[in-house]
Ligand code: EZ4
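Next comes just one chain, in structure tokens: the form predicted on its own.
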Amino acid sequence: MKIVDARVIVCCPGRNFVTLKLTTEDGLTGVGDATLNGRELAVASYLEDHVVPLVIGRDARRVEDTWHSLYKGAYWRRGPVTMTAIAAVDTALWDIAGKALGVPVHRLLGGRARDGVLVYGHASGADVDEAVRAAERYVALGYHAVRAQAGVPGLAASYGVGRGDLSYEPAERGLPPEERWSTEKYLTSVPRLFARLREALGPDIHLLHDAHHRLTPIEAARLGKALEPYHLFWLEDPVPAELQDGFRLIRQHTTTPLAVGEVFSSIHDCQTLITEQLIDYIRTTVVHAGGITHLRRIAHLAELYHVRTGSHGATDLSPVCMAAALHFDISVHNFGIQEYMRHSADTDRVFPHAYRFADGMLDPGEAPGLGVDIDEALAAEFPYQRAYLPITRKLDGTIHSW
């Protein structure tokens, strides 16, 4: 079952996506997401110029061997561009494997470990009142878990505050916009938000919050402690994780569960955090952490240390990645929760898929392979448009983590 064709498809049905499509001599096709937000063409070039020549002629059934060949064979290992490209190949091969056997990918991963995949939606608002109303709308839609973000008084823009009811897309066309930030104002406002949310939603709805790498360890510890009365499901990305010792300091001061890892590209990025139990949820994702093959390794390591999965699932990941994540989620024993940001109607049309939402959960479906495809003719109607994520500066003008 040799691979005879490999094509990289770049399109922009509302935002940019990169998709790898492999075809075997038997006529089977498999798709893999290769989207890296704000750096999409870097991965497209890596695939077209360096990876595609290596996969043509390979046996599509040798998933593990292909993964190691692309990882170790490049000598320059890891990094987001390399691992996103490897993930695209790996995901497409799992798709082909499922189709060849006529079964969904989760059957190849050991079958269902649960009935459905618990997901959380993104509720946000320009102020606390608006954010609470948005959270109530998600609960009315059947969600059992909601991530909440609100505008910070005194700041013109705040991370996580979307432009619509059910979507949040921070990347903007053209050069990066600049936003202003004040940690002091933020730390004062967040506990007020969650006090109102608990009052409005009661004790049973899972509440999550994303600090988006903006705090120091002691600031994160202060926030985690202030949020303890509201029993968060997790506090996400409290500090930049390059200094993993920072999580030890946070742990000393708060019992609020911690989640991190959406920007990690390999098991080595999270080894210390997992083995020293400095986090509660690991947020690595299929597309940025080397595909289903590598994500399973991370999950199996995490299971030994009581760490659960909570994969990134924002709109910068295409429905191809969401489908792959759901097959992983429903099969892995230490699953925690899956982020779910609804795509635009155009995106859903370009990427027809079998997964469905009901009663707070997503289900990957029983279609062979991943259960998702790309309509290439329709994708061609949405050409690439350069876009960047914002840049953040403190009130005094210093560049800060966005």
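In this text, all values refer to a predicted model and were calculated from it rather than measured experimentally. In case it trips you up, residue 1 is the first one in the sequence shown, and so on.
A second form of this protein, the form predicted in complex with the named molecule, is not displayed here; the remarks below concern that form.
Taking heavy atoms only, is L187 within 4.5 angstroms of the named molecule in the predicted complex?
-> Judged by the heavy-atom cut-off of 4.5 Å, L187 is well away from the named molecule in the predicted complex.
Given that the partner is absent here, does F194 sit within 4.5 Å of the named molecule in the predicted complex, heavy atoms only?
-> It does not: once the named molecule is placed as it appears in the predicted complex, F194 has no heavy atom within 4.5 Å of it.
So in the predicted complex, does any heavy atom of D90 sit within 4.5 Å of the named molecule?
-> Looking in the predicted complex, residue contacts with the named molecule do not include D90, since no heavy atom lies within 4.5 Å.
Indicate whether the named molecule has at least one heavy atom within 4.5 Å of a heavy atom of H212 in the predicted complex.
-> Looking in the predicted complex, residue contacts with the named molecule include H212, since a heavy atom lies within 4.5 Å.
Of these, 197-205, 307-315, 273-281, 291-299, which stretch puts a heavy atom within 4.5 angstroms of the named molecule in the predicted complex?
-> So the stretch in question is 307-315.
Name the residue from T66, N37, T29, T347 that puts a heavy atom within 4.5 Å of the named molecule in the predicted complex.
-> For this set of options, the contacting one is N37.
Sort through Y138, Y159, F247, Y230 and report the residue having a heavy atom within 4.5 Å of the named molecule in the predicted complex.
-> Contact check passes for Y159.
H106, F264 and D329 all contacting the named molecule in the predicted complex, non-hydrogen atom within 4.5 Å = The answer is no: none of the three residues contacts the partner (heavy atom, 4.5 Å cut-off).
Using the arrangement in the predicted complex, list in sequence order the residues of 366-402 with any heavy atom within 4.5 angstroms of the named molecule.
-> The stretch 366-402, when checked against the named molecule in the predicted complex, contributes L389, W402 at the 4.5 Å heavy-atom cut-off.
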